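Shown next as structure tokens: one chain only, the form predicted on its own.
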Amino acid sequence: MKNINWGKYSKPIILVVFIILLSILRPKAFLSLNNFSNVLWSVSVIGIMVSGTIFVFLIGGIDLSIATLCAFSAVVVVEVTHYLGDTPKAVAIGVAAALAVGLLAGLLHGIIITTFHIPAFLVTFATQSIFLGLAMVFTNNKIVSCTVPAFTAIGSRKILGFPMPVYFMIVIAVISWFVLRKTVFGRYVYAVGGNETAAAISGINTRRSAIMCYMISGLTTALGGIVLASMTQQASSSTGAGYTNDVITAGVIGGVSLLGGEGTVTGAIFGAVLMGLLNNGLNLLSVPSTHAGLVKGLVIIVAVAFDAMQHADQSRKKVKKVKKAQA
């Protein structure tokens, strides 16, 4: 028992404990396909975004403009769809335009941060106001609805009992996992986050890697905005309110280091799902909103503590290997 690396299994353990507790306390309400579908649907936007934003976290950066870029992207897809006649083709062009906005935003972030060596939090803190202002200008600071069937299907159509956003989240997460774990670029990302100077000396183009990471983050944020607008069938300057904190929280719960170099897509998705289960459980148990913050805070601390145990175990193993090599 002493040799069991409990930190390694922390995430599955936490999820299993949550599921068992809720199954015992609310078996009929919790143990249903519809409820699981709703939980995944509720966190799908966070999952989509964090699957791309994790690239920025891994290089030691941060993006504070997630919420407002999400809103601006939502506004773009809705406004372009209306402008072109509310047809399926108009929806497709609107989606492409919104994704392009996300890519350009990420490109802007990457170029400014790497060229002028300005801290990422300052650059994205400034651009969040720019994106918010653009969203307000495009909508005249009003809510713009969009009920075009081809558009609403993105966020509401179900396949095998699960809404489309859940499949988007899974596909984006798998792609991100593959890029980070199976490609040269993925290794570059971890190397830059672990030690940028050493990465540069080894021949890695750290500037290009950073720009690509911000572009990926911008792309998934825009996709999240499109999906969110489809879910709510509307867009406004407040569409993505709160999502910056949600995405960062999901990453931190999942073991992603904001200092760079550590973290996985599976861990980030775990963080998003855990947040969804927690919110769902509190609702099913009729926990007053005045107590919800306390419960969430305690759960987040436990999740982070388990993850810290895992990193501590890994550090001890590395030290032992070094001592054996020196012996």
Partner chain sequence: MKKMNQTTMRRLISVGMLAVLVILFTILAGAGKGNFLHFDNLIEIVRDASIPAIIGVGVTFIIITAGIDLSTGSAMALVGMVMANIYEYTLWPFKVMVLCGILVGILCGLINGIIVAKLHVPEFIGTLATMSVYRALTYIIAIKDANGVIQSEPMTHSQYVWLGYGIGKFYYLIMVMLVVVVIGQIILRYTRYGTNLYSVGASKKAATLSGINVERVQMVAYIFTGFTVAIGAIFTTARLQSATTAIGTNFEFNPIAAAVVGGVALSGGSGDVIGTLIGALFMATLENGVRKLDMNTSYQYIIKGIIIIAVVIFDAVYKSRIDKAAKEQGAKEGLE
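The term rigid core refers to the maximal set of C-alpha atoms that superpose within 1.5 Å between the two forms. Residue numbers count along the first chain shown, from 1. Just so we're clear, the structure is a prediction, and the values are computed from it rather than from any experiment.
Heads up, the form predicted in complex with its partner chain isn't pictured, but that's what we're talking about next.
Mapping the unseen interface onto this chain, I248 counts among the residues with a heavy atom inside 4.5 Å of its partner chain in the model of the complex. With a 4.5 Å cutoff on heavy atoms, K28 does not count as touching its partner chain in the model of the complex; it lies far away. Remark: S286 does not count among the residues lining its partner chain in the model of the complex, judged by a heavy atom distance of 4.5 Å or less. Although the partner is absent from this view, G186 stays clear of its partner chain in the model of the complex, with no non-hydrogen atom inside 4.5 angstroms. With its partner chain left out of view, the stretch that reaches within 4.5 Å of it through heavy atoms in the model of the complex is, among 194 to 202, 129 to 137, 215 to 223, 172 to 180, 129 to 137. Taken together, the three residues Y83, L107 and V144 lack any non-hydrogen atom within 4.5 angstroms of its partner chain in the model of the complex. Contact with its partner chain in the model of the complex, defined as a heavy atom within 4.5 Å, holds for exactly one of I159, L122, A241, A96, namely L122. Think of it this way: in the model of the complex, its partner chain has a heavy atom of just one of I112, V148, L103, M164 within 4.5 Å, and the residue is I112. Relative to the superposed core, L282 undergoes a Cα shift of 2 Å or more between the shown form and the other one.
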